[in-house]
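In the block that follows, a single chain appears as structure tokens, in the form predicted alone.
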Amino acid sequence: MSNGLPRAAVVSAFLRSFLIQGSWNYRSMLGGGFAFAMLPTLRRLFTEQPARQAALARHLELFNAHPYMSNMALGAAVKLEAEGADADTVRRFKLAVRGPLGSLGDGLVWATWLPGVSLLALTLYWMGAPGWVAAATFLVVYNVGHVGLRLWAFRVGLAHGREVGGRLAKADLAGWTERLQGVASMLLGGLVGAVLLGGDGLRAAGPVWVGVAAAAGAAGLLVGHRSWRPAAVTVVAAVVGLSALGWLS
């Protein structure tokens, strides 16, 4: 049992969270997926059909956050419903957390973790690892982090309910984002080194391309931190540059 609910209902809610984007739309955004994930617990908590429909309807309302971090709101909503919180309390809570969960998740995952793991796979490939090794490394490392984040967020929400703000502050996700961006920058340096030293890499293209690479590095050093999602922009630029190099060679 967890928060007065059978463990099976809680586990089912977590597993359904992997489909939270499945019905994304411009009207309710993640609302449909959120309600779908809540349904196993609502069935247990509300035995009468009118009460269950009312509970489901309030979770079908507009909700948007990062899909992985939304698990924190999901776990907290499960706890609130199990504790008998009124509808307005549930609505106010979801409204309060969706912004922070969205911004923290975007910075940590889309702008840092995803491009960082992509750089890791690209570096392995350019250092001579078989393509399947680079692809497998990306899939394993990215999904270990992504599933771990989903599970952690859900457990924190389930344990702390409305008090998740304090736990979120202690977790220092912004600090982790900054540290991971440093690792991503190091991986980018390794990737550039692998390209420059490779027999078919940038060095073989001649001094013009070496100059372009140096100018791009200087621009990143001077103004890269002001760009939109610096890590994501860096990865896109790296992929486009390497693709152009392969086409021109």
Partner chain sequence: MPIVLYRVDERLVHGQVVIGWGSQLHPDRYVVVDDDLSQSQWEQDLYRLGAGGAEVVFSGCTEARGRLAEWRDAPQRTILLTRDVATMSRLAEGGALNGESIVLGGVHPAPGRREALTYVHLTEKEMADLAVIAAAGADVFGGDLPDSQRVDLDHLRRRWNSSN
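Residue numbers count along the first chain shown, from 1. The structure displayed is predicted, hence computed values, not measured ones.
Heads up, the form predicted together with the partner chain isn't pictured, but that's what we're talking about next.
- The closest non-hydrogen atom of Ala82 lies beyond 4.5 Å of the partner chain in the predicted bound form.
- Interface membership of Leu74, defined by any non-hydrogen atom within 4.5 Å of the partner chain in the predicted bound form, is ruled out.
- A residue is said to contact a partner when one of its heavy atoms sits within 4.5 Å of a partner heavy atom; Phe93 meets this definition for the partner chain in the predicted bound form.
- For the chain shown alone, Gly148 is not a contact residue for the partner chain in the predicted bound form, no non-hydrogen atom being within 4.5 angstroms.
- Residues from 135 to 171 that approach the partner chain in the predicted bound form with a non-hydrogen atom closer than or equal to 4.5 Å are Arg162, Glu163, Val164, Gly165, Gly166, Leu168, Ala169, in the order they occur in the chain.
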